[in-house]
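Quick setup: one chain, the form predicted on its own, written in structure tokens, and binding and motion questions come after.
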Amino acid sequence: MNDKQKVAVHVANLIEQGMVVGLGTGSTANYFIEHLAKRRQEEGLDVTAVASSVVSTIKAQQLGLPLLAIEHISQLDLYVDGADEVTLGMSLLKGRGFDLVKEKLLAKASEQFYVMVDNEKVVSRIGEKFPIPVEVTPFAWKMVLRSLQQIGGDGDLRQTSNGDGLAITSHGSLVLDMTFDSSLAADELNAELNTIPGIVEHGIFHYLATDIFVANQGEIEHLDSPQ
């Protein structure tokens, strides 16, 4: 069992009877969904899921997890997802996929947000390894890019994987992948991005995680929020 599987199984074993659980998207989230479904089948765990994407919806359906549509809920007990980067100060980078809006909605609406990563995702600052995704209203992308450049950002529109067009999110938006000066802390950058018109959402999840579980060579380290 690799570290991604190990941390996903560990977190799935923390799910309690009767919970409404938000399902993240990605390889680690898939392992979590698989083990959650296994617990439901083998232990009779009573759990209801809310998916953050079409991918996690299909995965949950295939494994027989009961699902609620995101439109039908205002809050949930727990959201579980991976992340592209995490800091020891509990900031996250997400959104290299295409479901940023739903992911942040579910994270914010949950009483607890559990994050599952392997040790390679731990960084000293957000944006250390990956650009920061900024999801934008299509007609406003040039104005948003200019605003981002004014606060020290550098980047451009995300291309499709084969490079023959622009990437479109599940929300119907474009994505600017941006790098920023390393002296700008996550809380400062989060605040700046939140004030720019035309931004639908961005990939900094600041102080949303309540617990981060880090797998490192088979061992699980648990970080929890000081809040």
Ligand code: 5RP
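Given the structure is predicted, the values throughout are model-derived calculations rather than measurements. Each residue number is its position in the shown sequence, starting from 1.
The same protein also has a form predicted together with the named molecule, omitted here; what follows describes it.
Heavy atoms of Val136 never reach within 4.5 Å of the named molecule in the predicted complex, leaving it off the interface. Using a 4.5 Å cutoff between non-hydrogen atoms, Arg125 does not count as a contact of the named molecule in the predicted complex. Taking the partner from the other structure, the named molecule in the predicted complex has a heavy atom within 4.5 Å of a heavy atom of Ala83. Though the partner is left out of this view, Lys6 does not reach within 4.5 Å of the named molecule in the predicted complex, counting heavy atoms only. Against the named molecule in the predicted complex, the set Lys104, Asn190 and Glu201 makes no contact: no member has a heavy atom within 4.5 Å.
Segments offered: 104-112, 87-95, 138-146, 70-78. Contacting the named molecule in the predicted complex at heavy atom distances within 4.5 Å is 87-95.
Taking a 4.5 Å heavy atom cutoff to the named molecule in the predicted complex, the contacting residues in 1-28 are Lys4, Thr25, Gly26, Ser27, Thr28.
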